[in-house]
Structures are given as structure tokens and as C-alpha cells.
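Quick heads-up: it's one chain on its own, the form predicted alone, in C-alpha cells.
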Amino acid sequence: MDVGIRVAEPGDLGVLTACMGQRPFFTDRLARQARGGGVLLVAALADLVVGDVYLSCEPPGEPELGRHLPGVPSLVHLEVTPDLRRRGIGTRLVQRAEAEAMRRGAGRVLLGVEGANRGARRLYERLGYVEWEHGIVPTCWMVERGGRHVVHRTAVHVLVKDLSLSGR
């Protein structure tokens, strides 16, 4: 399976949303990328987008993250289509995002994972992420449901990776 990982371009919005949905999210992230706020990476198989992750280099919305991990970029929205999970695509997306963070001078990267998402947590731990010592963090984001935008409120476990220990 020849899946390529690349930086998304503005012209990708149509194929991104056709394959992954979530037009408001991708519209926002492409705009942030254009302003230098991060990088949207996509995994593509031929003309289909089969996964994505966003590396955010902007200050976090959660005050706890800004207080304890100022300036540390975060991985947001790692997603692989259900039919292609457990084939290394998520791992490759994370590794490419980590490489981009290092290229930008970051020594660490963080992410949040919901407690019920055990599969994602196993992936992140296998890749060297460890839970921080400051507890669970409340967060929220907008999601599209039935054509409406609603706020999804949750709490996440914050995982951090020291990129200098990754050997890359």
C-alpha cells in the first residue's frame, strides 16, 4: 500500500472534506497554516485522503497547557479512515508531525487524548509519549453534527514526548 504523507494545500479542501468530512475544521486549519500557525499533514492513497494530523504551533486554548508547557507545539486531530487503521498510517503521520516540530526547533510535542480512546493512547505510548503530572485537562472544540456546529466538551489526558530522546 503506497500511502504518501504530505503537507495539505489550499486546493485540497474539496478532497479532504469529501474523504474525511469536517469542512469547518479543515477550512480553519488551512487558514491557520497559511498564517504560519501550524501544518496540516495528510495521508493520501492515490486521489483519496485516508488520514490527517495537524501540528499546532500556536498558543494552546487551555490555560494549563500554556502555564506548564509554554511554546510546546501540539498534535491535534490525528485521524485515519476506519478501513485503514492499524496499518501504520497513524504512526507515519505522527512521526512526520514530530519531524516538522523538530525542524521548527521544538524539543517536545504534546497531545490530548480522551480517556475512552484506548487505541489511540496505546499508539501514543508505543511512540514514546508519557502522561504529564498535572492531571486531566478540560477542553472543548467545535464539531459538525447534522449540518449544525456544536461544542464538544470533554477532558483529556495530556501526553508529552521529548523529541530529543526519540533518536530522530
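What you see is a predicted model; the values in this text were computed from it and never measured. Numbering starts at 1 and follows the sequence shown.
The same protein also has a form predicted together with a small molecule, omitted here; what follows describes it.
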Is there a heavy atom of residue 80 no more than 4.5 Å from a heavy atom of the small molecule in the model of the complex?
yes
Flag residue 129 as yes or no: does it have a non-hydrogen atom within 4.5 angstroms of any non-hydrogen atom of the small molecule in the model of the complex?
no
Does residue 96 reach the small molecule in the model of the complex, with heavy atoms at most 4.5 Å apart?
no
Non-hydrogen atom contact residue 112 with the small molecule in the model of the complex at 4.5 angstroms:
yes
Which listed residue (134, 104, 122, 67) meets the criterion of a heavy atom within 4.5 Å of the small molecule in the model of the complex?
122
Of the listed stretches (96-104, 57-65, 114-122, 26-34), which one has a non-hydrogen atom within 4.5 Å of the small molecule in the model of the complex?
114-122
